[in-house]
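Below are two forms of the same protein chain, given as structure tokens: structure 1, then structure 2.
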Structure 1
């Protein structure tokens, strides 16, 4: 409990490590994850530090791994999961072998990729040529028929001028992207003034881009023209529109022969491409088995060199000096890690660890487990606790799910949350391996124990409210007796059941199920839950004020107990605590089982009106036969409480400033600065460390800012702000706890409306049609229940509970001015990169 009650005690340490053992020592410290290093080279540029070359070397290795990983994912090869067998940081010899292996693999992959692109480019060109030859058969059919007729008639029959005219007719064939065809056709018409005849045919199947693999839709075209000048213009237009031109003979036989040759070359090239793909797949499959391990090794190696850049070299250049924060409980672990690091390289000179005193506030470290981590994250989201101040997470483990359950009190809805949380808890090992679940899933899974407890407590409060999906359970039978006969009951729509004659006693546990049928159910539940929320709120705030005493005692600020805690707790208890007392006294005093009229329920005064009269020193005339006050001397007691409460205001306002003024010292005691050793603090393995930090340090760490140099005017202003804030917040925070009543009532009414407006419709239908309709209606009811009552109402209750803890509870004692302990941990580095 000590670890959870307040943050762990920290020590500022100096490390003296030999350069040859620095890499292995820092590697061992990274595996332990209990050291936060400080940067001793703040004034040195990042690119001028000692190990910047090694960091760049690691960056280059990471680049190669990313390239290989991209190629593996491109081929759809799955990478193995190594969460159970994470490798350690590589030693220098392994680094050289890894670097050579990655270099060889990258070079081979680049060559294979380049060859593949070249072969695919050739394959694309041959495919386009084949498409041109196949799709231009119809373009030349008329001309070939003409040539065939001419050859049959004989050469003498053909006119020489016709032959010359046909000889001057030329053509250009090729392919072009389909989206550029219309612009290409328009441009040809403009440059030739309509003297180009263009025929085109769209390819049915898309072609693949050699570099990206994306599909490309193209069109085959043949442009007929006359004259060399027009031919040159057409070629320039084709170049501008990125059209590919291919040779296409006009003779049918030549085209057929050319198509056969192209198809043969395509088959050969396809075989070569297939073999290249198989070789590439084999290489990638072999590399994929070790790639995750290599990636983790390089990340660890890079983290080690980044950490070594935080060290400083001594003047003799023979020792690396580093400073770090370490939990005092883990000092022996750090000492052992340094010894193991020196032994790993066979260093004859051991590494030293010295604990030094400092007046700097240490980081805050709360050691958590998988159960308490979620609750600690809720507290840290408000603000990191100041060093060694009380940690609210210990009490939040109980108060948070309980306050949530007060607003979410339904046995059925709580059971849904309980089952969902239990599923995540029981399957946490399997579910924890999910990496791409999304941010929302990570939030749910991280708070699985919070959801489990919220569901458990909601089942309890739902049982107390006797509310299951807006219906009540008749477990113990009703304690109310119907004294009316059957004819009276049937003749009257509503009848009153006086407690004196109809109630047999107190219901064993929770609410009597008879209230489910009562017309005044809302009035009764309003009164009950409103008072319950005020009682819980005052108790919660009183507990928060009492927690401040733990901080005052720990930081030796005993004067604050009398000057701050006593007036605060008196102000809270004498006013609002007295109001809670009146609620309980009213419940016990006034009863229907009495013959004294002043003690009957009809004479019970309103607690709210009585509290207002108490604050305003007013009186309200009671009804005839009743008393204004609940007991004798109540009027005088209330006036005394109000007067003492008013005295507490100047007590809080002036007490602390006047105490500081009269006790201010003229001289300031010597304070140890960073770097001063605490005597013989050179730790050997197994030695017990002395406590670090003086009482002055812990007082400053606890948020008690020193007032030695602060002007008195600022102290008065600061205390006035705190006093006004506490007095006003006591009133507003008490009213803020009424949200417990409001959300509980809203949740119950929404559940009842959903039952009456949806599910009950299917239950009231005719037997045959109702049986079919009930399936659909029940599905809609389940969907609305999960979406509205469980998820939306659950989120609303969660946020309101979070606000009650952050503002109403923690503001009474929690400062949250610290900064988190961020140790050098390989596990944290790897997990953080996986989340990104």
Structure 2
């Protein structure tokens, strides 16, 4: 059958690869992305596997790439985006080149950074020195002051003893952080017992700290003191408070000269700094062109080595053995990839692929395209299908938007949804490139085809419901006429049109527009929508029960068709299918255009009451002139149906367990043997392995129902639970489909309220002021429409439709006990990492 009808057939394969060709072969397999490897080294620690050193190498390369990336981001250089030209995994020569490149770039970056820090500290010192020189002008008088500064160690030039005798002041000059000034001053006062005189002036602009780059406010100070000991103490305090001391000559001329000197040095240093910055930018710019592709190459390399770690090294046979799940349709692709891998290395010994038989349950793989992926995700969110089970996603493509539309039915809102979906689909290439859209955008964009279809179907149902923003369209002319004359009309505030005389035909496509203007619109619509919901619901559920036949036939459980499917479908059809039939019959039979009394509208019985009476074997006397039943054989027919339905219940309850009991007794001397088949094989619950591979696989998959080991009591209990669940679900799920009516009603009413209470206000105002008011009110109406009716109601209807599918439809046949197929694919790995 078709691709999405059931999941694909999978094969368990063993590959034998030469160690030389291993890297390239796995690289080719990663590019194709159709193989899921199994871990053959589960018992081995991660750090003891064969290719650990290579993985470490890749980690090292990744670290270097990350470092360079942060440096590039710091400078604000943009990294180019590779969309189309994704590079392949590097071969050994390219790996060596890559390592050399990255090594070189990294060392260069580190060197540059270090140099920059050094130069910046130099720059800071020179700047501070200049500030000190400039700011200390005012501290000194014209008198010569002996310079007892630490930098002046001119031995013999100054006679210390002479200085002390003369009692002249010495000084130290420096720069300190502004926060520390007061502590510094206090400390100096304490150590010198008040014999130190500190003069300071704050610097206006902050200076940048070379290591961190933060601006810091500093203060220039000069400390005057007398005596050698005090000088030492002051110097110790300065060191303690991280104040930098600078040599400051005492004479004015010397100071001037020094200032000029410092200024020239500062200019030079600034030049060197800017050149360093340029050099760094250039280096980064050259690297940034190649960096994304290098990054991808390293990721691929790491993935390949991780995968190679899953292989088993068969020492005697001198080759690597790997086990993998491959879709049977893709086996030739895998063969080609293996041969390409061997050819790339020039190996003469080819790698080969060996399909092995197994009873393990393979992973479930549904091949989807961009259209079906959204719907498959909706189904998988409930549970991954068991292997080769019928896939409900195929039908969900249409039933999901249809049920949504029944609840959302409004041509105007449907049009909005349609346009939104169409925009996303038509510009999907451009929109697909957006990486940081956010979680919500990703959800909407991922479901663009779902939204498109929901919009399309909503337009159709909105057209049939004749509801455009709560107004109806009169396209074909209303089929109701007014037969009252003028005096009657003027005398009565409202008049009811009798169907017999006023109904002149049926509106061809949809609901007659007159109903939108009627006061009793809801009564008519309720009857119509409730019947519609039950009809759709029963049909959907019958469809679900019939799907179980497909599963039974495929898994060759023919007994279940008679023991499970037949009673289920009989129960559903005879009771609820009959109710649907009654609805249709009532639509035909009771008409205003007849002359026989029992068929007039006044005699039309309620379908629900009839159904309840049928189930309870009750009879209610009809009003006079009317008949109790709609057709003559109804009473007998109903009783038969109920009795058959009641028989179905013990049939469901006991049929299967008794059958299993009989079949077990017949095969009592059953030899359970573990087949000596190649490779890793596990038998599921004692199911005997069948000679043919594929059917063995699928029997194993259906072996969840293999009951060889289960005691009979378990089976009886299981079956009892299933039966009760099914019987109760026929009623509860049928009633559950009434949400189609409920949400549709709520949507229509909300829409009407919004029109009458918001937009009408603007439309009813006086012309000139009304125009301006309408402009504003229309904006408010649009906002409410989008927020409440499209978004909120849309989300609500989406959720209810999802529930109807998951619970009411899929519980009739779906198992959902499989696990997803996760192939080794570079594309998936790279996309997954980009999302983080």
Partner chain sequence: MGAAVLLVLFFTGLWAAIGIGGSIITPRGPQQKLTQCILMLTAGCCWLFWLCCYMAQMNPLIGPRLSKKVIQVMAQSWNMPITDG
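Only the largest set of C-alpha atoms that superpose within 1.5 Å between the two forms is called the rigid core. Everything quoted here is computed from the prediction, not taken from an experiment. Residue numbers count along the first chain shown, from 1.
Between the two copies of this chain, it is structure 1 that is the form predicted on its own. For the conformational change between structure 1 and structure 2, the C-alpha atoms of residue 832 and residue 724 are both best fitted by the same rigid part's superposition. For the chain modelled as two rigid parts, C-alpha superpositions between structure 1 and structure 2 yield a turn of the smaller part by 11°. With both forms fitted on their core, the C-alpha atom of residue 211 sits 3.9 Å from where it sits in the other form; this compares the forms between structure 1 and structure 2. Taking the rigid core as reference, the CA displacement of residue 201 between structure 1 and structure 2 comes to 7.3 Å.
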